[in-house]
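In the form predicted alone, a lone chain appears below as C-alpha cells.
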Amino acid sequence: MNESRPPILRIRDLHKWYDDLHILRGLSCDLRAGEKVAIIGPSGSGKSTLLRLLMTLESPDSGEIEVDGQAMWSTTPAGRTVAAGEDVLRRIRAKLGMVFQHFHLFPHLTVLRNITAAPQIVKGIARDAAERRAGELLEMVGLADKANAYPAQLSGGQKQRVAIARALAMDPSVMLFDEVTSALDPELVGEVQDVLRQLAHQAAMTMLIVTHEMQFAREIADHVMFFDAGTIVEQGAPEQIFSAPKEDRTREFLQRVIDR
C-alpha cells in the first residue's frame, strides 16, 4: 500500500454480531484513494458484512468508520458506538457506490431509467444531463443498444453491467463490489470482469472488491486482504499473498480454492 496517500476509508476495531454469531471481530484497515483492494476468504468470514456496514445497510455493534475524513460511526468516551447525523450520513453515502451480487435492478424501469433515476432524484441532476451521462456509461460497459430494454430482456452479465453503470452514474469516490460474478453462468463472468478491469485501469477509481475469483483478484488488485473468522489474517501485495503467503491459514485456503 502507498502509505503517502491519506486513507479515504478508515476502519478501526469494528465488531458485528448476529445473535450469538460474532461476524466481525475487531477488524481494522485503511483504503487509500485510487487503490484497488481485493478481499478474499471463505464464506461467513465477514467480507460482505463489511460492505453492508459501509453502505449503512447494517449497523456495527462497536467500532469506528470514517469515509474521506468524516465519521460514519464513532465511539464515545463512554464506549458507545453512535452513528453520525442523517445529513452527514447522506453526504457520506453519496461518496460510496455498491454493486451487489444479484443486480437489484428495478424490473419495471428501462435500462436508461434504472441508471438516471438516482442522479435525478437524489442529486437533482437535470434529465438531459443524466441521460447524456447514462449514454456514456452504457457505451463504456458495452450496452449502448440496450437503453430502452427492460431487465427481463437482459442476460445476467448484461444486468450486472447495467448495475455497474448505475452505481457509476452517482459519481462515487469509492466503488464497492460484492461477489459481482458469483451469480452468473461461467460463460458470462468474463464480460463483467472486463468492465472491472477497465475501471481498475482508471487511476482515480478507488475500488474495494469482494471476490471468490483468485486469478482475477491477483490480476486486478494492488492490495489483497485475506479474511477469516471476522479478522484480517493476512494482507499485502497480490504477488506476496498468492505466491508466498506468510500465514498457514492463508496457504490452506488458497490450496483449497486454487487446486479444486
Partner chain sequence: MIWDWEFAISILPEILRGLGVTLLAVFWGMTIALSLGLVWATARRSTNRLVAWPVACFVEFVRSTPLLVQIFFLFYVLPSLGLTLSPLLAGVVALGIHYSCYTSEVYRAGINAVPRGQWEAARALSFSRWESYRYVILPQAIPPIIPALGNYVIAMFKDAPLLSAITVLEILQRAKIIGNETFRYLEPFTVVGVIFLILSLLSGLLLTRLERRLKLVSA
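For clarity, every value in this text was computed on a predicted model and none was experimentally measured. Positions refer to the first chain, counted from 1.
Keep in mind the form predicted together with the partner chain is missing from the figure; the text below concerns it.
Trainee: Check for me: heavy atom within 4.5 Å of the partner chain in the model of the complex, for each of R52, R90 and V122, yes or no.
Mentor: Checked in the model of the complex: all three residues contact the partner chain.
Trainee: Can you tell me which of 182 to 190, 154 to 162, 136 to 144, 106 to 114 lies within 4.5 Å of the partner chain in the model of the complex, counting heavy atoms only?
Mentor: Single hit among the candidates: 106 to 114.
Trainee: Tell me, yes or no, whether M175 is in contact with the partner chain in the model of the complex, where a contact means a heavy atom of each within 4.5 Å.
Mentor: Contact check for M175: no, nothing within 4.5 Å of the partner chain in the model of the complex.
Trainee: Under a 4.5 Å heavy atom criterion, is A84 part of the interface with the partner chain in the model of the complex?
Mentor: The answer is no: A84 has no heavy atom within 4.5 Å of the partner chain.
Trainee: Taking the partner chain as it sits in the model of the complex, is L96 in contact with it (heavy atom to heavy atom, 4.5 Å or less)?
Mentor: L96: yes, in contact with the partner chain in the model of the complex.
Trainee: Mark A71 yes when one of its heavy atoms lies within 4.5 Å of a heavy atom of the partner chain in the model of the complex, and no otherwise.
Mentor: Taking the distances in the model of the complex, the answer for A71 is no, it never comes within 4.5 Å of the partner chain.
Trainee: Only one of D222, E66, E58, D228 has a non-hydrogen atom within 4.5 angstroms of the partner chain in the model of the complex; which is it?
Mentor: The residue from D222, E66, E58, D228 that makes the contact is E58.
Trainee: If we check the partner chain in the model of the complex, which of the residues in 157 to 182 reach within 4.5 angstroms of it by a non-hydrogen atom?
Mentor: Read in sequence order, the residues that approach the partner chain (within 4.5 Å, in the model of the complex) are R166, A167, M170.
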